[in-house]
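Below, in structure tokens: the form predicted alone, a single chain.
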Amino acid sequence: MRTRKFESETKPSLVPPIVAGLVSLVLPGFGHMLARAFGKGLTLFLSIVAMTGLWIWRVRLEARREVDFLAMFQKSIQLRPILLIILILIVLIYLWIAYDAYKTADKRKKPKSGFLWLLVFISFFLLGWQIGEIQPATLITEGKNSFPLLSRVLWPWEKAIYRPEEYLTGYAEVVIPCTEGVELEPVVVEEGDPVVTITPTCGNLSEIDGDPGTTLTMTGSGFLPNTETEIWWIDQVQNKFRHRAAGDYVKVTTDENGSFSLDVVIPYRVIPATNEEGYVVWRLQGSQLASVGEPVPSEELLLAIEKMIETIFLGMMSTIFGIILSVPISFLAARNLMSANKITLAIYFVVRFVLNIIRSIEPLVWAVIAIIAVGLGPFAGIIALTIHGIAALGKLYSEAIESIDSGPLEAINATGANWLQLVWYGVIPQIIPPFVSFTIYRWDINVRMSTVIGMVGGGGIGYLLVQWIRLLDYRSAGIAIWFIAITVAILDYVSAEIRARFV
């Protein structure tokens, strides 16, 4: 190989060096092709075309409202000065390509193209920086706003455990507005429960930017002594809310006998709906935290555990189905086993082509297709991961088969064995270790991918995770993320142990 490369490099150029340089000024890279450096010339040509096209695209995108290109160029440079730097680099690369073609055609001196490739890399890097709209300053100045959210995600366990709370409540009813002939039924109070009374028992709502509502005297007894008591309103449609006075929520502390007396103003409501008689009945409630129970797992924690188990088995089942279906396919996709005649070789090319198509489509897309077919749920995720796993494992298995030692195969062939005997005695004993390694690796991939599959409705913890993020419930999302990380770490340890035993 090295001898052939040396001979190709020492072959004389098809044109003189000066012609190669001039040709590259017209078509960058073509001078290298005439100097018998075809691969290098084609790469440089495609690079300069790509850089120029991307630069023009960004100029038009930055100044899309301008009509002519010159105005677009001026406007885009004002908005993004980095585009001028990229343009200078492109021009420099264009000229350097011509110079490098001249040197390449002159076989007496080997051209030093390191600086040219460095310029190409820098240009693409700057284009990527501009296209990606990378702003480190924004990350530093605005990133601090994400710290409270990140802290909830990194330490979400406050929401994983909760203590059941029992409240001691008492209420009285008030008619709004005061209406003649309305008599309220007495509130039934069981023995030992708090008692709340209101004077008067009717009044008017507060008006926004207007008169305050009626002031009610609220008295309570039978509460816990020396304990803070929250004051709540419950309107006619059972909406429960607290109102503020002097900027703070209204509350009161009971005396040593568990009693209190408080003046309360009827608050403002946007839509003071009334019944057919022209009035509504509200409740004014006093509420105390009476006791806190033993810590118990929260609903979010139990849901995360349930869905994480579903995710693990989703990955496991898709891996099992993938193994069962990909093993026979892998033998058909191994060229060293399918080169016996034209028919088997044609089968090999067809199988390889199909596997490449399936593997090129991401599991997320397969999941969307599967959801259309079978609906939301883990079954759709299993189908998606199985389809992609067949293609991925089929490729890996077939390459393991192609890399086996041909000596045993030739010896078995010499005995007159058929194709099945050749595979059973010559191929399978050699492929078990790589098959085990690839299978474990695929299981790890399937478990991690199942979290993503769940985001589109394919079951597993991913569905919960995306719902909690949409609801801005970052502590619950943090619980899901912690379970995913712990599960992947455990699977990595288990797979390493299995690999050490079989590989």
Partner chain sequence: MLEIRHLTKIYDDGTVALRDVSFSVPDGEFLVVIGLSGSGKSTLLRCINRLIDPTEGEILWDGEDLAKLKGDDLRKVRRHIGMIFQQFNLVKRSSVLTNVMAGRLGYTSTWRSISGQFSQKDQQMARDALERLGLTDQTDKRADELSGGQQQRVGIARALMQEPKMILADEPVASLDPVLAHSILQHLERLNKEDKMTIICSLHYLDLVQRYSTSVIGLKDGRVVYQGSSADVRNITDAQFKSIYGEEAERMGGIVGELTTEEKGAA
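Nothing here was measured: the structure is a model prediction, and the numbers come from that model. Numbering follows the first chain given and starts at 1.
The discussion below concerns the form predicted in complex with the partner chain, not included here.
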| property | result |
| --- | --- |
| Which of 255-263, 184-192, 421-429, 75-83 lines the interface with the partner chain in the predicted complex (heavy atom within 4.5 Å) | 421-429 |
| Contact assignment for the partner chain in the predicted complex, among Gly210, Gly247, Gly132, Gly416, heavy atom within 4.5 Å | Gly416 |
| Contact residue in the predicted complex, chosen from Val354, Ile412, Leu116, Ile323 - any heavy atom within 4.5 Å of the partner chain | Ile412 |
| Interface membership of Pro408, the partner chain in the predicted complex, 4.5 Å heavy atom rule | yes |
| Exercise: Gly143 in contact with the partner chain in the predicted complex, heavy atom 4.5 Å | no |
| 4.5 Å heavy atom contact, Gly375 and the partner chain in the predicted complex | no |
| Pro200 within 4.5 Å of the partner chain in the predicted complex, heavy atoms | no |
